[in-house]
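Starting off, we have a lone chain in the form predicted alone, written out as structure tokens.
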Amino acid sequence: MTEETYSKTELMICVAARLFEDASTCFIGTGIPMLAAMLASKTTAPNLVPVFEFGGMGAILEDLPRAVGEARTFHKGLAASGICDTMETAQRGFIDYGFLGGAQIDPYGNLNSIVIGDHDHPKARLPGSGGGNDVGSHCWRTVAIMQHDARRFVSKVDCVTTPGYLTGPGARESAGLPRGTGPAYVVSTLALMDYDPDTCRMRLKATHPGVTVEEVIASTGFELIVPQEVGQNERPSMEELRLLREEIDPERLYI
């Protein structure tokens, strides 16, 4: 195994894991966010406090949970509570980050996970937001993890199920959401994005290895802010790949 032999999913997990701050509280969703949280807890954020929708708080993630409400999300945790308590914890301002996904995202970080097309006569009906609205509304910062193509990165989402910066500066506050909250990053299959603090629009921060700025622009259905200096994300290290493949997801449920 060399540093070159990794999948797009493994790369996304590693990039997302490096965003976790040590000793932070993070609302974790099913799938890639779980693997990223486990990897972070074994590397850069050993004091990470994961929070799961159905009440597991501060679990020691020794084995990969299959869903946000199963026993592994409570394993050796700080608290075993319920969904109302976790949402109230976010509303009180005690959860730093929320990691989310969606079918569509727009320039202001609004997410859609309900329908494609008209709400009442959709082309496709999706699984729904679950607790995504609460996470996006009340966690201090949110991180979206998504496939990157022009069908998903759109100028306007078909339905806002998780609020980003809504229509731009000041819109979250006008809607009654807490000041100082909002999207922080987007981890995609092509790049890492953040948001311009003045316009609240999505901005290219770093491309993945082998991906050009032009490829990212061509796969984005809106005008992405591109600064003069665009970084490049580091490849997964040998140790990160070993942890993912041998300790975190040896059954290859997600990777």
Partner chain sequence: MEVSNFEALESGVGELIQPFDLDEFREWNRAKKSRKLEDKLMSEQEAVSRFVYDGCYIGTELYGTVRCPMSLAREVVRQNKKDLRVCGQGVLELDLWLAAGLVKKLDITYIGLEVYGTSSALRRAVESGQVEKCVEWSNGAITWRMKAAAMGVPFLPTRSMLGTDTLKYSAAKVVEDPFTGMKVALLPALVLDVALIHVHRADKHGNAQIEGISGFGAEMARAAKRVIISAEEIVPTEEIRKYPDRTIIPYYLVDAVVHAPFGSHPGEMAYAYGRDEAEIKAWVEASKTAEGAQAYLDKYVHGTKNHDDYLKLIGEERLNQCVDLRERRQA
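Computed from a predicted model, the values in this text were never measured in an experiment. Positions refer to the first chain, counted from 1.
The discussion below concerns the form predicted together with its partner chain, not included here.
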- Message: So, D134 and its partner chain: in the model of the complex, are they within 4.5 Å at any heavy atom pair?
- Response: yes
- Message: Can you work out whether H75 and its partner chain are in contact in the model of the complex, taking contact to mean some heavy atom pair no more than 4.5 Å apart?
- Response: yes
- Item | Proximity of P163 to its partner chain in the model of the complex, heavy atoms at 4.5 Å | yes
- Query: Would S155 sit within 4.5 Å of its partner chain in the model of the complex, counting heavy atoms only?
  - Reply: no
- Message: Only one of these stretches, 55-63, 42-50, 216-224, 184-192, has heavy atoms within 4.5 Å of its partner chain in the model of the complex; which one is it?
- Response: 55-63
- Task: Report whether all of I114, P122 and L253 sit within 4.5 Å of its partner chain in the model of the complex, measuring from non-hydrogen atoms.
- Result: yes
- Message: Going through 126-152, which residues have a heavy atom within 4.5 Å of its partner chain in the model of the complex? Please give them in sequence order.
- Response: L126, P127, G128, S129, G130, G131, N133, D134, S137, H138
